[in-house]
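Below sits a lone chain in structure tokens, taken as the form predicted on its own.
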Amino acid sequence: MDLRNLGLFRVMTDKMAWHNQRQEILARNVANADTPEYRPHDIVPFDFKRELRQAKGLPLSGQKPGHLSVSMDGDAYREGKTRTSYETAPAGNAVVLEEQMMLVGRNAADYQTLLNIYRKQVGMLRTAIGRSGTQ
């Protein structure tokens, strides 16, 4: 059974992918903290309502031609426009390391929280089907 086909698990998996991509972008910002004229980037915020609407309910089996299917395209989230910073170095670099490190920490904490929720959901599902919550 592929849990990604269940609505809740699909949304959580998409949100974890969003956090992974955001981590890469934030790491790039930190890596370019001394690059002249570099502007920090961020990712477009995760739209939970939109994702939940797309993942609503269980997918249809698709056994008949009239059945609709929910796509799991797994497209990467697009990078948002350059954020405006209140501070710019004389070389034109607008990366504020303290701000970027705060965003990295918050992103990691949000990912960990989501991972714990995912694990709890899997444990409850395993308990419901009669298997132990641990492997």
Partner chain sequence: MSTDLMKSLAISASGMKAQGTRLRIISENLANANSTAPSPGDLPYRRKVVLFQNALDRELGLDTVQVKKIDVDRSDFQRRYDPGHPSADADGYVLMPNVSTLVESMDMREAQRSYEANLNVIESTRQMIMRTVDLLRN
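Numbering follows the first chain given and starts at 1. Since we're looking at a predicted model, the values are computed, not measured.
What comes next is about the form predicted together with the partner chain, which does not appear here.
Shown alone here, L115 lies within 4.5 Å of the partner chain in the predicted bound form, counting heavy atoms only.
Interface residue remark: Q121 is not counted as part of the site for the partner chain in the predicted bound form, having no heavy atom within 4.5 Å. Remark: N20 counts among the residues lining the partner chain in the predicted bound form, judged by a heavy atom distance of 4.5 Å or less. Contact check for D47: every heavy atom lies farther than 4.5 Å from the partner chain in the predicted bound form. With the partner removed from view, the residue among M102, A27, A91, L52 that has a non-hydrogen atom within 4.5 Å of the partner chain in the predicted bound form turns out to be A27. In the predicted bound form, the partner chain lies within 4.5 angstroms of at least one heavy atom of each of the following residues of 97 to 114: L97, E98, M101, V104, N107, A108, Y111, Q112, in sequence order.
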